[in-house]
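Before any questions on binding or motion, here is one chain by itself as structure tokens, the form predicted on its own.
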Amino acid sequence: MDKVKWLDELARGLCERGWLIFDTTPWLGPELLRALQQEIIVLDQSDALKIAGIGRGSVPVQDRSVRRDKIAWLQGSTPTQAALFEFLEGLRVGLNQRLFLGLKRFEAHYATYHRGDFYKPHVDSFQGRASRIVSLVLYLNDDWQHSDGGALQIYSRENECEVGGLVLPEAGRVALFMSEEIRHEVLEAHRTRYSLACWFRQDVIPLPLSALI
């Protein structure tokens, strides 16, 4: 599928139900996926990822009853990250052209869930804030099985208590959804789980990293 048709399909999915899952893209090839995977593994093994917090403000709260992943923010400072940012920028422009979302920028981080880690049901942006508009999660795990846990559970836009989809975090798979509308959670992982999360934003002035979720 070429980029134009692929972007059309993404826009249609976001409009119809607020989320969609895809396993292939015209931009993300196996070499880039492998490089991203190796980068997060090195960060994890060198203890460079930090415990993630919840909420907003200068000091996000670390509540392990809600969220147990570790993260590292991406700055586009390596060739691998620069290639990823090119893909994300193309997606930002493409979604703006089709949905007129006014997306000005994006932010992204790696996330690692070790055995026993989870993230309880939540949305990625508070209603009416017009900050995070579209969320993206890219998975970086080989040979993931149902018994490994760690699935992304997505709830229906119409009924936040109704499960709309269950996504295994297999390498190359991408989840895309509206940040304010789609409630979701990460079920408990039974093996180490690697992913990359991105948010496309409407605000122009970047916030300090300490103020981000």
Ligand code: OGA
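Quick note: we count residues from 1 along the sequence shown, nothing fancier. Values in this document were obtained by computation on a predicted structure and should not be read as measured data.
There is another form of the same protein, the form predicted in complex with ligand OGA; it is not shown, and what comes next is about it.
Enquirer: Is D124 near ligand OGA? Define near as a heavy atom within 4.5 Å, in the model of the complex.
Expert: Result yes; D124 sits at the interface with ligand OGA in the model of the complex.
Enquirer: So in the model of the complex, does Y119 come within 4.5 Å of ligand OGA, heavy atom to heavy atom?
Expert: Residue-level check for Y119: yes, a contact with ligand OGA.
Enquirer: At the 4.5 Å heavy atom threshold, is A197 in contact with ligand OGA in the model of the complex?
Expert: Close contact exists here: in the model of the complex, A197 approaches ligand OGA to within 4.5 Å, heavy atoms only.
Enquirer: With the partner left out of view, is R193 within 4.5 angstroms of ligand OGA in the model of the complex by any non-hydrogen atom?
Expert: Flag for R193 set to yes.
Enquirer: With ligand OGA left out of view, choose which of V137, A83, L95, A108 has a non-hydrogen atom within 4.5 angstroms of it in the model of the complex.
Expert: Residue within 4.5 Å of the partner: V137.
Enquirer: Can you tell me which of 157-165, 31-39, 140-148, 178-186 lies within 4.5 Å of ligand OGA in the model of the complex, counting heavy atoms only?
Expert: Of the options, only 178-186 has residues within 4.5 Å of the partner.
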